[in-house]
Each structure stands twice: as C-alpha cells, then as structure tokens.
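Have a look below at one chain only, the form predicted on its own, in structure tokens format.
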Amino acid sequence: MATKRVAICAVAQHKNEPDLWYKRFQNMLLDVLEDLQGQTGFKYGENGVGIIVSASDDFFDARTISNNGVTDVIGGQYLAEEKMAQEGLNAIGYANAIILSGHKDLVLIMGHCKESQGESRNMITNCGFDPFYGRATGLDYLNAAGLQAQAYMRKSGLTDDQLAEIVVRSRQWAARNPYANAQEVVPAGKVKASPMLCDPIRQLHAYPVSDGAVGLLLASEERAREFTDNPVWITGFANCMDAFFFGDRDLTSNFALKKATANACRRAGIQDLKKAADVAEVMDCYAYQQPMWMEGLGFCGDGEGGRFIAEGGPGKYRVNLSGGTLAGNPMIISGLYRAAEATLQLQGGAGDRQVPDAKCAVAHSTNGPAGQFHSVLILEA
C-alpha cells in the first residue's frame, strides 16, 4: 500500500516589525487567517477544518494558557484547538501526525508572538533554565550563545570578518523579502563596529526584537488539490533534544541537530541532504549559528563552518534567501517562517528571491539555550 502524504496547501505571513504596538496579537492573527481563507476558500466544521494547532508562548503573551486569548480569532471556539508551546516548526510535525493518523484530513496552523511585549528577552529566556542551578547564575539564551560562539569559533576557525559577511548577506536578501523586519542593508564595517552584547556576539550579530504571525493550511493527499494547484509535500520531519543541564553538553557537537537531520532524511528517503535540497532555511538567531547549523544539517564537515563561509557555501546552497532569523522573526515561531519561505520557494511564489525549478527544501528550527532542541522539516514539490 502506498504511503500517505500530507501537503502544505497555503501559507500566510504577517510582516515582522520591531514593535507592532498598534495591533494586538488577535489582530495579527486575523490578518493571517483572512489571507489564508482568501487563498484557499477553506471553511470550518464538517468537511472543513476541524482542528487548529496554535503556536505561542505564555511568557511573551504575558498570560498563562495564552491560547485562550486567540481561540475565537483562529476559529477554535467550537472545535478542537491544541497549543504547541515548543518552537513553532513542531506544530507542523504535530499537524502532520494528526493527518497521517487519520484523525483529521484538514488542519490549520496559526502561530503568533510579540517579543516587544516582554521587557527583556533575556529575562524571559532565563526561565528556560532549571530553577535551582541555571537561573540563579543568570544564564539566558544570549550569554549561553556567547559561550557556544566562543567554543565554536575556536573549533571552526570562523572569524569576526566572516560573522560580518553573514550579516551583510542576510540583510541583502531581507531587503527583497516583504515580510522581513530588518531590511536595511548594512556594510561589514558597521556590523564590526556595533556594540558588543556578549563576547563575541555583537548587536548586529543578533536577531532583532520582532513581532509577527504565521499561518499554514495542511491537508491529506486526497484533499490537497481542493485548496491548491501546487501542493508542497511533507516528506520528512524529526526533532531531537540535547541534555537538559547546560553543563552536561558539548556545545560544539551539534548532537541534537545531527540526530534530527538523520531521522528526517531517513523518512524522506534522502541519502545526502546537501545534494537533494535546492533551498535551505535555517534558524540563525545569531550569526555564528548559520554555519554551525549547516554543519549539523550535513552541508559541510564537522568544524568546517569557517571554510564553508570562505568558500561561499551560503550562496552555493541557497541558504536563508528570506534573510533568515537574523533579519527578524519572533524566536518562538521562527521555524514557521522558515517553513513558509521554503513552501513559497517550492510553489514558485518567492518573488525576486525565487530559486529556479526548486523541488526540495529543508526548514530548520531550534529552541532552548545554544541549540538544545532542534527540528528539521523536509519539503518536496
């Protein structure tokens, strides 16, 4: 019997901004919902969407069980609605499982986050550490990344000039992406002169505070063409988590990402991802992470990130043509933006970022300190 397939039928993105003070997150989601319905004409209830998977974060929403505040806007008040409180790419993995199980044949994914509402991202991410040891030391995602960046740069030979090169390229592509936050093209000198946040991470090495929302409509293979002429098929998905305690980890090992990549490729029937993928969208909250995650995905060897940049790897493998997370997406739903861009590329809808005849894309996300948890999604046209 042929293996069932699940399709992404349509995606909608809210433009990322540094402070969407004039819109509540409900308004952002409504914009996204109306865009999706305009594209597909989907309805709710019988023979329509019967379950919604939302993605959000209680800390950034400043309330517990924060999905209660958006249930009516996303259409879940009389239907099943379930919240993905992990990084948003996992909502696609969950929705994929719902459809493959035969439970539903049409699933709506809606993700949102307003990072500008939090007084400090560092204060919020401090809560991502264990309450007895990690939090008390003042650890947060920024200083954890600083420790990882130092170790990785020693291992890979990645230089400050190359970090600047990564940021410059990201901004050049972001200028072509109408949904990106930081669209200003910056010269390398400005990047290298930007204030130090946490050695060796400078201000322009880090993704900017961002507000945004994303929606996707997923359907079973039997129903996909009711909603699109260009379905994008989910052929592989996997995730993996490294050790819980920060001190137990080898910060340069890419352990979790390598495991997630191997499992996603196995499910997709792919032997060599760098040969198969026409587009790669990775979640690079900090500039050093782009080559590091490309190592974990298998696009270059262990410790070869500096060489990967020097030899033009990001251009060769069409990495982050959206501008990536460095151009500004909320961390908790950045993976949904990665998947949205990958889908647009495979549907031929990426505008002047379009890769000719793209057939396969990989979307990646991470959460937790210094890449503790990784998810990998493989899509094919």
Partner chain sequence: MAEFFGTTVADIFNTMPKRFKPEASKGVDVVIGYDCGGEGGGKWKLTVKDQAARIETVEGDLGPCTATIIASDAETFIGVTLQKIGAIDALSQGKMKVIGDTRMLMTLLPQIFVQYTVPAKKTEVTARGILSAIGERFRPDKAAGVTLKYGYDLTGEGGGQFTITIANGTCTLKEGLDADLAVKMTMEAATYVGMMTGTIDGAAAFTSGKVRIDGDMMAAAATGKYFDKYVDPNAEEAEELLSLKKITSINQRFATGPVMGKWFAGLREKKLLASVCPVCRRTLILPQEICQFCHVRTKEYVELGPEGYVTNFDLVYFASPDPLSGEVRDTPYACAWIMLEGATPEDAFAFEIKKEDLPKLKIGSRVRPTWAEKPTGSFRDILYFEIID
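Numbering follows the first chain given and starts at 1. Source: prediction; values computed, not measured.
Below, we turn to the form predicted in complex with its partner chain, even though it does not appear here.
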Practice task
Report the stretch among 127-135, 219-227, 167-175, 242-250 that approaches its partner chain in the predicted complex to within 4.5 Å, counting heavy atoms only.
Solution key: 127-135
Exercise for the section: Answer for residue 75 alone: is it within 4.5 Å of its partner chain in the predicted complex, judged on heavy atom distances? Expected result: yes
Exercise for the section: Tell me, yes or no, whether residue 352 is in contact with its partner chain in the predicted complex, where a contact means a heavy atom of each within 4.5 Å. Expected result: no
Problem - Exercise: residue 114 in contact with its partner chain in the predicted complex, heavy atom 4.5 Å - result: yes
Handout entry: its partner chain contact in the predicted complex: residue 39, any heavy atom under 4.5 Å
Key = no
Practice task
Establish, in the predicted complex, whether 82, 96 and 100 all lie within 4.5 Å of its partner chain, using non-hydrogen atoms for the distance.
Solution key: no
Practice task
Can you tell me which bits of 23-52 touch its partner chain in the predicted complex, meaning any heavy atom within 4.5 Å?
Solution key: 23, 24, 26, 27, 30, 31, 34, 44
